[in-house]
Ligand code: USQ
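For reference, the chain that follows is the form predicted alone, supplied as structure tokens.
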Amino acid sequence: MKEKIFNAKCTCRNCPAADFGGKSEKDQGGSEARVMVECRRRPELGFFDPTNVTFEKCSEWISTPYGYFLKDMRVMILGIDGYLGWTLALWLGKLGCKVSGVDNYNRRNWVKERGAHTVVPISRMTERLHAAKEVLGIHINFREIDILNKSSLKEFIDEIKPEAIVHYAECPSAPYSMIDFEHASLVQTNNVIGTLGVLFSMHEVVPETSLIKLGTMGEYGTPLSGRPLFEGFFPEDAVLHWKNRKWSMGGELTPRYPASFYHITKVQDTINVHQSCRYWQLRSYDVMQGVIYGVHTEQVAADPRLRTRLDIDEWFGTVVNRYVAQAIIGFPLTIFGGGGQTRGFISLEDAMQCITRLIAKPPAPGEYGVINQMSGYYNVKQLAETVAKIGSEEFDFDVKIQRVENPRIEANRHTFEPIFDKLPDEFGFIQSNTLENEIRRMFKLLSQPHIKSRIEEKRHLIMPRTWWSGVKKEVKRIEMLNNSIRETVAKQ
């Protein structure tokens, strides 16, 4: 029996090669209108009904491990020099996509501002591009462009005519946005105004292109009511009861409860992208991403020059990456407050799989979809204990755990019930990597002498000193939870 492919029955309504001629699928009165299209790739078809041709029947869509994929698909990555952007560029290039991208090296500069560096050495972009061609046979069309420079960005988009745009070009740091007014305004300008420019550029030159926009699970926050974190919208059967009346909430955007000035920018993006799909019939997936951790994909591991960055400083390092680095240099793992703060997580490798599957099933014109991208959720104490156990038992590190003051404004413990059904149910996602396996990969890579020494050089930047309250001081230790995991295991 032939295996069912998740996007096989998608039609030209979903295909970015279908030219709708600027026509909406709804007339001004809001009723369905019959729209005929032309195919930019197959002009010999003339005008036809976009619902008559499916991906599995179209010669331009070919079978891949991630569903049917548009042959030689043109994908543009905004923020291509970053942790995720560079990894995705190699991943998609190896899949056969024609990859282009822009970056202004802000991430490198922001980390330098802290006095830090990526602990996994990375090459200059010119060397990265050369290595991608030499080792993997991938040509990447790169331009140094700031997304705030709308005219330059629009010109490049018009030149490439990408069939999908993946937007990673935002400042991804909550602590960075909380330093002071200057940093908060920089983050909000870069993220909100930059994304607005992307939306206008798409509307003006590539209205059929799908946008994969990186949001964050942090947009939802941790609602005081403890309600589930639905995927962007309330489900159809959600009902609001108030003063003996009730209303259907189905299809309405769920409330947001952002945790920092950075997270506020993501909420603003959500509104801007959602309304742009409504105003202009753009098509977009808003990816509410869990915390990404790890160092491995087949492509970045192919050559040291192809490695992606890994940060461990308090501004740009994320929890699992920081914990493994701390364990390797004997720095006690830092649990903020009580350690009950819970978040969604996904490995770097699985995050790439997710984005690829979203690209393979573009939204229809005017469709704004929200996907919660994660493969599981943990609290920070569980993560520390997992890293400590693997580091101690399998790699012979003497790993200690400490509780420190929490510089953030958040509850030490809260209800966290995320819904993340769309990826497996609608896009065929199957988790390929476990938390434990990726932690092992990280220990193997980060314990190499030249990388361990880079971690040691920046150990003074591990302990946070950026407080949400605005006070300027390093957090203090509250208590050691045990002498070391090694001693605890020995006593059992």
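Just so you know, these numbers come straight off a predicted model, no measurement behind them. A residue's number is simply how far along the shown sequence it sits, counting from 1.
One more form of this protein should be noted, the form predicted together with the ligand, which is absent from this view; the next part is about it.
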In this chain shown alone, the residue from Ala364, Ile264, Ala131, Ala174 with a heavy atom within 4.5 Å of the ligand in the predicted bound form is Ala174
Would you kindly say which of Thr334, Ser347, Gln353, Ser276 lies with a heavy atom within 4.5 Å of the ligand in the predicted bound form? Thr334
Each of Arg108, Ile122 and Tyr168 having a non-hydrogen atom within 4.5 Å of the ligand in the predicted bound form: is that the case here? no
Does at least one non-hydrogen atom of Glu410 fall within 4.5 angstroms of the ligand in the predicted bound form? yes
Would you check, heavy atoms only and a 4.5 Å threshold, whether Arg305 touches the ligand in the predicted bound form? no
Taking the ligand as it sits in the predicted bound form, is Gln289 near enough to touch it, meaning that at least one heavy atom pair lies within 4.5 angstroms? yes
Spell out, yes or no, whether the shortest heavy atom distance between Gly218 and the ligand in the predicted bound form is within 4.5 Å. yes
Choose one stretch from 177-185, 90-98, 417-425, 317-325: the one whose residues place a heavy atom within 4.5 angstroms of the ligand in the predicted bound form. 317-325
